[in-house]
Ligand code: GLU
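A single chain comes next, written as structure tokens; it is the form predicted on its own.
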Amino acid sequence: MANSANGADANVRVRFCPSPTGNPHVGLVRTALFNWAFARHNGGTMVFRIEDTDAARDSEESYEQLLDSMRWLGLTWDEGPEVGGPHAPYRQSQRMDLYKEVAAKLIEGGYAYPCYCTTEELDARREAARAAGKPSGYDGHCRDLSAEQKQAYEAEGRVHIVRFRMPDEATTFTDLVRGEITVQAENVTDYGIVRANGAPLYTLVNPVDDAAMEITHVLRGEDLLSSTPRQIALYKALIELGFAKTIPAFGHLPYVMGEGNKKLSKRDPQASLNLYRERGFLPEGLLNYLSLLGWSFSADQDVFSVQDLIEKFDIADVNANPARFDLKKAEAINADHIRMLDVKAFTAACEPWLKAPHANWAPEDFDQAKWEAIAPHAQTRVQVLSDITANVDFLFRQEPVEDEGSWTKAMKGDPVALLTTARAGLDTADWSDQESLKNAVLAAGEEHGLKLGKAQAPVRVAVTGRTVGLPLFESLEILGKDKSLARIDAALAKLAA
């Protein structure tokens, strides 16, 4: 894809580093999208890394879903699984030797230390600090243990974690989204980087990999903002030890809010990426909408292509305020992208929903010629591809859908008289001319004192089963005279009964 020449920087290296736990969610996709757009805009590099050091929660199935989701969305990566690259491997579970080496060097250099405090001791000291009105973070109890004290703890059978030693000074950095941020030392205490069983924690592996992979910009969720001062301190240590060259720039993306103005959780049904795939969102439509969660293309344009996004995207334009996920707007934007497809692409995109298990007609009753004839009319009506089934099923079912709500709504007044007159007019109409079909129903309505809208409702429900659907007279022409009149006869028989 082409890149914008405005402010382009080919040295830009960003990363998307999800954990393979559960189904991908839209907040995760928004993070991937902003990193990808930033890299592509600058002609830089997108690194896809899998953070799978939590054996209890990670799964191979989720790993495969992550890769499949990125491919479906079209968010290509330059380094990572299946692609390789100069910093392979790109799964943290295969990089344990590096983390072990770095942890040892940090301890050796005095940047980290073993902590023997038990959970109960930590909890008791935190409670005491809160009661005294003091910060309740780690109090540095094991910061400066002597060799004898360490030996005594080990003689008790205690195991230790490894803590990073935070500097006793404030941390100031410029967030790419939020501007200058200063965090005082008392609010960022020493933190764990290695578990008691020797397994490295996210707090260690994430910065170590970013350093090793020469990441220049870290664009991630606002929920990770509080960890940034810790990581900056760790970067400084890694630079002094020769494991890193520079500290990356940080940009923290706004929260995505769901129902009730609460942060959208991966447990919320509307957060699941699979839901949007199953409903038939186009990747382009979904990406267009997700890019608007914290960023805007222009003040008066919400619908644009992926290429437009690449050309315009600037991290400086991301808004720090929370963004609300609006399903109706997402559907409307997706509908616009469906309209932009050429008819051949639209008919192909609908295919999965025209076949079992989505379709509600027998496979042998599907008629490709009728589908291709109705497709241009259907394309103007659906918001998501799965809508197609309820819009065209009347063509392929032996009988129309029985929707009692539609029947009750349409069959008011004297539907028998109206349908009888309309049937007679349709019987002599020219079925190759939609205008002739329309005039037949219009004349029937006039005879019974009804405008076209009221007159065509019983005909529509008799033929299609629903009060809402594709343009009626185009639908009648494509279904054909024999089937259409037979369905009106069936409706008259039902009314008589």
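Please read all numbers here as calculations on a predicted model, not as lab measurements. The first residue of the shown sequence is 1; numbering continues from there.
The discussion below concerns the form predicted in complex with this ligand, not included here.
- Put simply, of N391, N206, T216, T421 only one has a heavy atom within 4.5 Å of this ligand in the predicted bound form, and it is N206.
- For the options L224, A212, A196, V416, the residue carrying a heavy atom within 4.5 angstroms of this ligand in the predicted bound form is L224.
- Proximity of F173 to this ligand in the predicted bound form: non-hydrogen atoms within 4.5 Å are absent; the residue sits far from the partner.
- Shown alone here, S19 lies within 4.5 Å of this ligand in the predicted bound form, counting heavy atoms only.
- Not displayed here, this ligand is approached by Y202 to within 4.5 Å at the level of heavy atoms in the predicted bound form.
- Of the heavy atoms in R220, some are within 4.5 Å of this ligand in the predicted bound form.
- For the stretch 42-79, the set of residues having any non-hydrogen atom within 4.5 angstroms of this ligand in the predicted bound form comprises only E51.
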